[in-house]
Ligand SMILES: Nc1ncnc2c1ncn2[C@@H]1O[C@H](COP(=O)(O)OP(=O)(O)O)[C@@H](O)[C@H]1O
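Below sits a lone chain in structure tokens, taken as the form predicted on its own.
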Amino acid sequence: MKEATTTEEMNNAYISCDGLVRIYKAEGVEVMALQGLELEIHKGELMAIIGKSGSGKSTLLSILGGLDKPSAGLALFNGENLAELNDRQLARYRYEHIGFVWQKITDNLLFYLTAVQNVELPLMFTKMTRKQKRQRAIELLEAVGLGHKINAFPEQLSGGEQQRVAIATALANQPELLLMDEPTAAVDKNNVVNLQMLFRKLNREMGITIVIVTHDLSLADRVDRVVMISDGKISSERILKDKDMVEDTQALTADPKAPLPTLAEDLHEEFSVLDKAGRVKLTDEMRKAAGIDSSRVKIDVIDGKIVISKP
């Protein structure tokens, strides 16, 4: 009976991952990128998945975007199991529901097309007229602060501006889920902050769910939830306590001379994640701080609190 309740809860969630496993085989060697990962994403959420290189975060993004399939476990979108979709169904899923922004700008834009032409490209197979496509593209470029550069080629734009065009392009088909892989990795500090504020603006004004994969810890200050991934599993989460403090920071600006917005250091509350088997992961930082250097720990319950210490 418990199992049925759990399955029903998963089916009602917007995005659910349960026991997600992904194993790659290369030159006879098996690499486990995801190891029983569990995660729920809520509709309209602005969240970041943060982890070191090789932690499994990009693999997770590929599965959520329908670009890859899990080796085991469930990945559900509105109750639909993505692993059961064939290639044609996955292509339709990506076209109708997903917008992608990648780290490499060459994966996002065609450099022989102008900004407005790049944004128009995903609308090629729609029933919109040429005039409607152009109007839609201009509106999106204006939404990301580039209404004045619609006829510029990507090479005439800064790194931050190129990513703004990439975001506008990803939004062309009005996706409900925007997936970004290291979107701020190749831009300077001013543009990083401005892009972060843009993500929040789009999330609030369009209601779009945004999932950002990154190793940039500064992004954590400007999202509602931060999920830390380590060795293919979720290790901890940080939940935003006061959204108003973020909303009240400096408005999005294209002026590189404007002072950067600063946020308080204690905006988030951090939680360790207890999986369905009752396991909790201790990060390297936690073990180091507690002086734990072996595979054994001592666990005591003291005054209703669980205390983990070295033996």
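One rule holds for the numbers: they count along the sequence shown, beginning at 1. Not measured: the values here are computed from a predicted model.
Keep in mind the form predicted together with the ligand is missing from the figure; the text below concerns it.
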Out of Leu64, Leu37, Ala48, Ala33, which one falls within 4.5 Å of the ligand in the predicted complex, going by heavy atoms? Ala33
How about Gly44 - does it come within 4.5 Å of the ligand in the predicted complex, if we only consider non-hydrogen atoms? no
Taking heavy atoms and a 4.5 Å cut-off, does Lys281 contact the ligand in the predicted complex? no
With the partner left out here, check for me: in the predicted complex, does some heavy atom of Lys52 sit within 4.5 Å of the ligand? yes
Going by heavy atoms, what in 56 to 75 lies within 4.5 angstroms of the ligand in the predicted complex? Gly56, Lys57, Ser58, Thr59
